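Alright, two takes on the same chain below, each alone as structure tokens: structure 1 and structure 2.
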Structure 1
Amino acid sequence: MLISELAVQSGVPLATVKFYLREGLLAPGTATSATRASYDEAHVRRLRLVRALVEVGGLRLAAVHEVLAALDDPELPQHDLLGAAHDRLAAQVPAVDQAALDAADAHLARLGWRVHPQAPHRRVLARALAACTAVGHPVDPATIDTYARAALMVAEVDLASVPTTDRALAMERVVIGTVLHEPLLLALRRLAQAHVSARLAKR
């Protein structure tokens, strides 16, 4: 497949395909001559994945880069596939002050969740909690508990659906499950809010 066909197939403008090649988000095709290269289905898939991560997942290209590096890394230990994906997805989360982190850890301890102390999402949690407090609407522990139960339900189906046989497929599933299912969950939450709200209004 020529680069122009790749562009058409994937629905990505040619100029953008070239840009992704330059940025290393897409592997070069196999050169068939000095001025020609051929691309295959794998390139189409990769291109679609990049677009999905950017447009639906809201990732920036630097994050996409990290994710793709993880996908393509054959050295990545099978057992910490998820941790690797998470680290690469939240690498750029800014530092938070110790008090906020302690508050987040207190919740995690209450929930009985053992997570790696370097897990970047501890910081995300801490930031979110601190922000709610800062605007005068602190999150109460009972609310956290409900959110946590919901999160646990979701996490269980997420991990259950990861194939155990094919490593490459598992890796891809983890990434897609983590990134592309987020808007899914958020959309469902807002729709559920609308549903519950309508239900309440009817009574």
Structure 2
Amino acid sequence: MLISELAVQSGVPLATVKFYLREGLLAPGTATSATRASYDEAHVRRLRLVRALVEVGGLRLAAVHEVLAALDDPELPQHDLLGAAHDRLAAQVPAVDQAALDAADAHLARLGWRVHPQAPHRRVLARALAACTAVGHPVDPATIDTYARAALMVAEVDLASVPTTDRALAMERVVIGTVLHEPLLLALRRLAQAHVSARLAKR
């Protein structure tokens, strides 16, 4: 397909497609003449992934390059590939004091979860726990355990849908699922709270 058809097929504006090509986020097409090139379905998939990373995930172009480099590295294990996507999608978390990290690590150790020491969401957990304590509402271990069981069920559903033989599709599933499913989970949690509150009000 021509570049104009690529834009239509992917749903990405032609000017944006050209920009991604200039920035090296999209591989050049196969030259068919001095001024034309042909593109295929792999370009369509990559365009959709880049657009999700930039427009939905809010990643800077340098971070997008890192994610794509991980995707294109045939030696990178599947687990590390998924980690590369998660790490780049995580918000920049400010430094957390050691006491807060120790508290978070204690919960993770009790749960038996295997978490990398540099995982950004380890710091997110630490900050959240510290904030709850600071306002006089510390989160007790029983609540953490309940939330953890629910989160583990969600994670198992998420990763069950990630293919193990198609790296491009695997990365796309992780990125799109992480970015777009988190608002879905938040909405369901709040709707569930409203439902339970209404049920309790009828007693």
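Predicted, not measured: the structure shown is a model, and the values here were computed from it. When a residue number appears, read it as a position in the sequence of structure 1, where counting begins at 1. So that the term is clear: the rigid core is the largest set of C-alpha atoms that superpose within 1.5 Å between two forms.
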Sort out for me whether 1 or 2 is the form predicted alone.
-> 2
Is it true that E41 shifts between structure 1 and structure 2 by 2 Å or more at the Cα, once the core is aligned?
-> yes
Is G11 one of the residues whose C-alpha moves 2 Å or more between structure 1 and structure 2 after the core fit?
-> yes
Comparing between structure 1 and structure 2 on the rigid core, is the C-alpha shift at E182 2 Å or larger?
-> no
Backbone CA shift between structure 1 and structure 2, L21, after core fitting (angstrom) | 8.7
